[in-house]
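Shown here is one chain on its own, the form predicted on its own, set out as structure tokens.
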Amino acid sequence: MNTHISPAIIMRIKEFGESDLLVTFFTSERGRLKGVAKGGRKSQKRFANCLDLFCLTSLEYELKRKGDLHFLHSCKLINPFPGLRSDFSSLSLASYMIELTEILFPLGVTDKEMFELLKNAFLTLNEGGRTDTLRILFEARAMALGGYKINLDKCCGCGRPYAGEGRVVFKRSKGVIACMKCEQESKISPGLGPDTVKALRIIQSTPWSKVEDSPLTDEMISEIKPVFKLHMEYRIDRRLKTAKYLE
């Protein structure tokens, strides 16, 4: 039997047959997976209180040689993150984080840093972190890990390196910045101040543990939000379904 035990975040749960559950979960070792919990809707011993949305569990599952579905044997609860369900804004942001993770990391694509990002973001949100700041931190880091990092090094027009002085313009079609001599600010090309660019550069390349307390001002948040709305919709070619609950 090819059985593994690893920490896993429960992403989605669906009733499957008369008593089973179809579970989507995210692990650090094998990325996002799907599995069937036989008798999961009735078992109080093998799956007691741990197959709930957003829970961090120690999950025992059997790898299948063919197909996408695995067999879930048992699990133990590590952290239920009750704060994620404490109010609508926290619940909506947690759901948004799950949806973005699913889009950026298809089934079976492994990324330990993404697992740690999702886990630590849930920890911070569970403790009552500011949702608008958490959303920006998560979006920027997740997009970077998914291969969609915004290039902040130089102007895409003239090629001049950005030295951290003056405002720049975000170009969504290229995922880069342009200087004010080459481009003008507009709704589809929003501007960023030098402090915002500096903060964004750090967020994109630094682990969560070092940026979760980043001093993002209201001005930085107001500049970054439209940039990532444009960047994400263009790069992943869709608007997240859960985004409407965060407006």
Partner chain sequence: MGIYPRSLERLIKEFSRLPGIGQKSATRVALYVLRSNRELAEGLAGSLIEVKEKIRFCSICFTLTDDDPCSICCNENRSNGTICVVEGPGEQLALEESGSFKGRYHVLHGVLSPLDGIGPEDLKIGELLNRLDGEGIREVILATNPTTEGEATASFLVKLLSEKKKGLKITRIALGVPMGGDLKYMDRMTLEHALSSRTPVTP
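Residue numbers count along the first chain shown, from 1. Source: prediction; values computed, not measured.
Note that the form predicted in complex with its partner chain isn't included here; everything after this is about it.
- Looking at its partner chain in the predicted bound form, residues Met11, Ser86 and Ser92 each place a heavy atom within 4.5 Å of it.
- Asp52 is the sole member of Asp195, Glu62, Glu185, Asp52 with a non-hydrogen atom lying within 4.5 angstroms of its partner chain in the predicted bound form.
- Ile98 is the sole member of Met114, Leu152, Ile98, Leu123 with a non-hydrogen atom within 4.5 Å of its partner chain in the predicted bound form.
- Taking the partner from elsewhere, Ala48 is found to have a heavy atom lying within 4.5 Å of its partner chain in the predicted bound form.
- Interface residue remark: Val109 is not counted as part of the site for its partner chain in the predicted bound form, having no heavy atom within 4.5 Å.
- Of the heavy atoms in Ile103, none are within 4.5 Å of its partner chain in the predicted bound form.
- Contact between Pro80 and its partner chain in the predicted bound form is found at the 4.5 Å heavy atom cutoff.
- Listed stretches are 169 to 177, 127 to 135, 72 to 80, 141 to 149; the contact stretch with its partner chain in the predicted bound form is 72 to 80, by a heavy atom cutoff of 4.5 Å.
- Shown without its partner, the chain has Lys241, Thr242, Tyr245 in segment 230 to 247 as residues with a non-hydrogen atom within 4.5 angstroms of its partner chain in the predicted bound form.
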